[in-house]
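Included below are structure tokens for two forms of one protein chain, each presented in isolation as structure 1 and structure 2.
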Structure 1
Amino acid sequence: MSTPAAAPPVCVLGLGLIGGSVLRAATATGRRAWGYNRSAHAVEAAVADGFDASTDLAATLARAEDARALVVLAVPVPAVDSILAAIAEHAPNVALTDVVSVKGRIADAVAAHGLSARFVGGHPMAGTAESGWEAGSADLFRDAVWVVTVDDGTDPDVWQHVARLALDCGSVVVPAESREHDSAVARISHLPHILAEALALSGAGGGDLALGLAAGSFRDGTRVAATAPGLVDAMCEGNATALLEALDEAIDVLQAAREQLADGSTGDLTRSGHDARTRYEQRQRHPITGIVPGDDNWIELLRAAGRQGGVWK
């Protein structure tokens, strides 16, 4: 973990579950940290809890520019463009990251506003079905994976600032290229939301008897369907290309399973699914060593290490 003196202050734009948790976690390390939220309710709640927060975006960004802060973009995808426009106007020289669940679309938006030189994307793989400031926790990211992007042209100093923030929040860092990240999370994050919604509809279609009998399998399989629909829409629609590919593959698997069940067997699906789950449970992480950000070929070396299960600690 870095010391507070070695780390830049943190400015968090958006104080929902993830952004609010970043503000809490950064503050807990001893860093100077402050936040912005459009909703006065979230700001009032944050201030009541002892945190530094404001509804004045221009003033918040001017403060970040003066303090050479690391700015964390933590707003829903539909709000990203307007926030980036404000950053370009009021704080064009800050180091910038984000915690949005899609990376390619955010990188494109950052480029459109001329902010790519000081941007490194991020995605903490943590969350709950709850939302809002009140749902946040300084421990939300403890032992979680936090993706830190390594796209072409990535500034090594900014990359290390973003990775250090993730580590200080208690996470391990997985380096990944933005569109590789989007393809991966379509399968393990966004597709599960689609399937959970479908499963919830199937259960409700059985009426009160089915819902009255529902227990662990239904509860666990539909947990993320409790997420606010607007948040799910923003995630899934923001990663539509990759999610469509993953959804097509899942539909093919389900169609094959239906055909086999009509012939009296579910064996192919259950054995293959069990093997895939076992692979997930037996996965191992190994520390990334011998790579120095800024050295020759460091970007491709970090991408390759991330693909192979490496983590930056």
Structure 2
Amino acid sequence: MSTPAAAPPVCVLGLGLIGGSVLRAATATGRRAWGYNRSAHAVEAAVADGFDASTDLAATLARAEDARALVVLAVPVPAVDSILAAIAEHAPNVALTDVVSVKGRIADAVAAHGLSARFVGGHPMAGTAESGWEAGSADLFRDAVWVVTVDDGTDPDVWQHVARLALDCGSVVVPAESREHDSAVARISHLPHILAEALALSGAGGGDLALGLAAGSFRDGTRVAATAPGLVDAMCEGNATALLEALDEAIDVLQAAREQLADGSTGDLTRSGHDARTRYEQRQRHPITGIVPGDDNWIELLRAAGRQGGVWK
């Protein structure tokens, strides 16, 4: 059994919507917390709001290394590699997590920089359509789900530090293996975007008459197609492998429905789709108990608990 020390200070790299909200939420719990942002504008705004922030990445990381801080990587995917290189150079011994919405490729990038031993991935399932420091809030993660990864070789102390941070931010923690996470979010987030875009196109293909008749089912089914295309591209392209698998399954379902309809029935699709939606509405979360990070088989046990709807509170 492992008994982690008191919650470490928190160092957030990237002070946009998510990183800025982590800095605010961590500070609000009384933890020592500071952050780095590349642009001076966000740093000036954070400092003006009373937070501890800098544009000097090397100095911010040296401070994290000295304080044995938990470093939170909160930049977009294209920026991850250069920030990891800086961490490997200036803070190779810190505990490290991230908030990026795809997990497998971040774990691969962390491994490529030799930082896996003290890395545990994270994904707070919270956000808004806004970005930047000004959009953040200490309450953004309240009552949200925060995935904390349990990959092979995960350090139990770092896992507990990352889970503690998520809980301190007001979330519940769902443990999941990185690639299982990517597969799950492809199905419940990225595929819905693709299908909504396709449905919007189908409606527009009917011209002004079709769009003029559109009511609730078209509005609800296409709601996320109103998202800025660049954001959808970044999400979908960042999780392409898992999304392709989910998309292939959906195409098979549509193809089977097409064949059935040509024979005069949509029965199989409507019944199984209705059952699946009912299962979603009736899902329940239960607290994970009796698993101690570091005990025998804890990684497998936590993954299984997460799969079964368990949350770490």
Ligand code: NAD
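Superpose the two forms; the largest set of C-alphas matching within 1.5 Å is the rigid core. Treat the numbers as computed from the prediction; the structure is a model and nothing was measured. Each residue is numbered by where it sits in the sequence of structure 1, with counting from 1.
Engineer: Just one of these is the form predicted alone; is it 1 or 2?
Structural biologist: Structure 1, which is the form predicted alone, differs in this respect from structure 2.
Engineer: Kindly check if the Cα atom of residue 105 is displaced 2 angstroms or more between structure 1 and structure 2 relative to the superposed rigid core.
Structural biologist: No; that C-alpha moves by less than 2 Å between structure 1 and structure 2.
Engineer: With both forms fitted on the core, check whether the Cα of residue 157 differs by 2 Å or more between structure 1 and structure 2.
Structural biologist: Shift at residue 157: below 2 Å after core fit.
Engineer: Please report the angle, in degrees, through which the smaller rigid segment swings against the bigger one between structure 1 and structure 2.
Structural biologist: That works out to a rotation of 15 degrees.
Engineer: What Cα shift, in Å, does residue 212 show between structure 1 and structure 2 once the core is superposed?
Structural biologist: Its C-alpha position differs by 9.3 Å.
Engineer: What does the CA of residue 245 shift by between structure 1 and structure 2 after fitting on the core? Give it in Å to one decimal.
Structural biologist: It moves 2.3 Å at the C-alpha.
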